[in-house]
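Alright, two takes on the same chain below, each alone as structure tokens: structure 1 and structure 2.
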Structure 1
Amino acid sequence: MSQYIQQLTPTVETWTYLFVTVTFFVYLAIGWSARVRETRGFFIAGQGIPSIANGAATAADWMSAASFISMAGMISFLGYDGAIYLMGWTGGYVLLALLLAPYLRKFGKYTVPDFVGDRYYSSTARVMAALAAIFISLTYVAGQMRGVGIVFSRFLGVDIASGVVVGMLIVGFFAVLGGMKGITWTQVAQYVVLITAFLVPAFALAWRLTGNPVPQLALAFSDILTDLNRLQVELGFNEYTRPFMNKTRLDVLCITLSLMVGTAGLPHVIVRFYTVPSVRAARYSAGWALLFIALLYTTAPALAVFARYNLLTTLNGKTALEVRSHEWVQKWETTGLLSFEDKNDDGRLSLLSDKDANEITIDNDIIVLSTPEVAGLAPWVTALVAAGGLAAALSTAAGLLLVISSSTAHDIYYRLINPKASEERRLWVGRLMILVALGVAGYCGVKPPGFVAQVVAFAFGLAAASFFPLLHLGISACCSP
């Protein structure tokens, strides 16, 4: 009888199919209902998005697969030093929201290259800014496509290439049809999905490991960090909370600073502030977005600690047979992102600080996705996390694709090549460029240049070296007394 009941119990894959199917249909329905036929709606959503909705869309646009999938994994592996991503990305958003975005909105243009071309009185500067926006966006979207491929390959049992293609079709539908208007309202729904998917396992793990259901309070007012530090030392690692062990002080300072100014120069985030009716609305939406972002970013360090503790207690010192008795281990092994090798032939697997002697290899990008299964949470929680990872990746990918589209169709084609182009012609070029960019993004998703946070951090570096100086100098000059 118990075996029969167990057979009827939905598996992780069943729940994942259900959640992904439902959420994808919601995204498609929103994209269809928000379809546009004019360039103003396609590129800046008609500047009619309410502040709170734009705040949620900005948060979803900004919190990519790197934030949802990879950041907690990086903190989990690097410990204290992993906070560089947390400080750099959030600090950069504050810099953008307070010092750049309102003034860019006040300038009244469609895009960042628009601002650069008019502010510096140079068509050449406009072209260079458009090319920079395209290159930054393509680099960034490569990380999102890898995130999509990882989720599909593990939870839906398809290869990464097939998963990337499915993701491309979904994001392509609402991006091509609805432009910025369709993307914005879809991102509002995607924010709800991703934040729910991130918080539910964090609250469950906090309650299970510490007896306190609030992750932030559980991390601060329990013995979980003390226990984790002890485990780390026993295995030859440095204490988890000990600073500057993986990176020097200079590295932490320089990386944090570059991520901050890179965030402030991201074109797909900046363009969100063009979609609201006024400068005041831009400031309000920036505040809402900061609140929505804080929900995830203050939870990530706690989730990283819970994940690290669970992995050490679940995998270390066990035999290969014991480890592979876990269904989640077998399935992650098939993706190639988790592997084992008994190097000293002692019959047990060890997670050690010495990389040459380490017998367990775990990809950073699977930490968040695997944590509910490692902790033994209900299958629907694991499926919810998978749906959240897809929402995070697709929401950012959509925003990046529109930047590529607007940079090409508006800043290069309309402004420089064919100023007399009709509305229909400009829309056609914009939609065509989304399809072209999707093809490039899909290839990068199948053959990524690195793990998600690496690729995204590279895009931030490019934005720091290109857009931030241009925007800072342009705004300082035009807004100084």
Structure 2
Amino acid sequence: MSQYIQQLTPTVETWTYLFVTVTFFVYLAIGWSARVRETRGFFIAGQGIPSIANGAATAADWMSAASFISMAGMISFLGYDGAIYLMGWTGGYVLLALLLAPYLRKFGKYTVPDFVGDRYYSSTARVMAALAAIFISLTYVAGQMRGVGIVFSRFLGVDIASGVVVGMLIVGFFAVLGGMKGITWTQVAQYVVLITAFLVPAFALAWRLTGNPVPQLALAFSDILTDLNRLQVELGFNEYTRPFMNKTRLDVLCITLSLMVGTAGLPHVIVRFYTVPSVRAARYSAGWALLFIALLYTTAPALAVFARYNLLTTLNGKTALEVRSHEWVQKWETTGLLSFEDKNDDGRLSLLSDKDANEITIDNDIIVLSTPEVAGLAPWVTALVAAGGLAAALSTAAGLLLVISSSTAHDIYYRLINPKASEERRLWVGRLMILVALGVAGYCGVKPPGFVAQVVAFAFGLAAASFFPLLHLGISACCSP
């Protein structure tokens, strides 16, 4: 990491400091202006968020550091099979919009466990639901704080721990002051930052490689897929567009379906639909949310194809000297995310499907992070990508922290331990719980427990198996007591 920083020209670093600082002050200003004094504002933003704004906030809430930084790269290496993430992480919104969101909004209340406890007439069910919400959100938020640390270290040379602490201070400020209201309006701003940061380099790369600036159109209506498929076959890979090469058909089907159902059952997404003024607004809000998400999710597979094509044509079959003449190659080689080894000493580097003979190793994360340089864009675009990655991580972290706070302060403390608590005291406990959750998340970000990676996948499974059936049955079953 530190060598990479030395390679950075001062301009990129200056731009990055500027962008990150400016966006952070915007978030702080929004958080201050949206501060609240009552629990209704703190937990459900006073139910006064317009549906388009809630859509943008949901999109920022949903799209994490992984969606922003890693997803296009993962798709690029999976080819067709990358569709599991694309369909899995968007298809759930249809279930959410048709089966859950309008009805939960109609029910009102503050949290998802509220619905479970009241609908099933059981405080045991309420506590179980609160614990499930806390568990799902904690595993998720640890990854986000880690993402914040990584962006800081990669772009600014700050060590991961300090990066995490800066991120904690920013999120802590607007989440503690403004609760759901502060988080929502900050997320709207963060959506704007992250989508601009994702689209600008993608449009530029599409324009450079295909002559069509719109990535979605360039993917279908240029020769790039045909060329990429031909190149892949020449190098001994399977055609990029050929299905089930990395995963079996049954795997693709089951993973997609469980990601869809899991998406619809994630408490930090569901609770966003409590913040709109009406049932009608909840229905439209789901549409806006998916439209805003789709802007990134339909660009990512196009970016994956452009990046793969670009890597194959720039790197394969060239000498090490030729390859290193590209500035971005030198830059990413020093980070260790891109590496070369001329194993057969023929003086040329070959990208091959055979792992033992392959001479070029590429990390998934490079695909998005290197696009501005690959597309030959100005240094400020690289800085924009850094600010976008931070916006993606911080917005998701904030939404998750609020779920942890409302589950402990509202569902467990107020509904179970101290039902006579005054409004002021409940609000105080809510703010305190955000700080506690932030502390735990920060600790996990600095010292990630080894099980986190496996547990994030588990969080989806748990959401799919717990909240989705629980809520769906609670809404649709007409005849239970």
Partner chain sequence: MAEPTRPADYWRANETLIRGLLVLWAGISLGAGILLAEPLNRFHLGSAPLGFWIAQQGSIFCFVAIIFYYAWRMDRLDRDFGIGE
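Residue indices: 1-based, along structure 1. So that the term is clear: the rigid core is the largest set of C-alpha atoms that superpose within 1.5 Å between two forms. All values reported here derive from a predicted model rather than from experimental measurement.
*Asks:* Between structure 1 and structure 2, which should be identified as the form predicted together with its partner chain?
*Replies:* Only structure 2 fits here, because that chain is the form predicted together with its partner chain.
*Asks:* Please state whether Q232 has a C-alpha shift of 2 Å or more between structure 1 and structure 2, with the rigid core used for the fit.
*Replies:* After core superposition, the displacement of the Q232 C-alpha between structure 1 and structure 2 reaches the 2 Å mark, so yes.
*Asks:* If you line up the core, does V329 shift 2 angstroms or more at its C-alpha between structure 1 and structure 2?
*Replies:* Moves: yes, 2 Å or greater.
*Asks:* Using a rigid core alignment, state whether the CA of D342 is displaced by 2 Å or more between structure 1 and structure 2.
*Replies:* Shift of 2 Å or more: yes.
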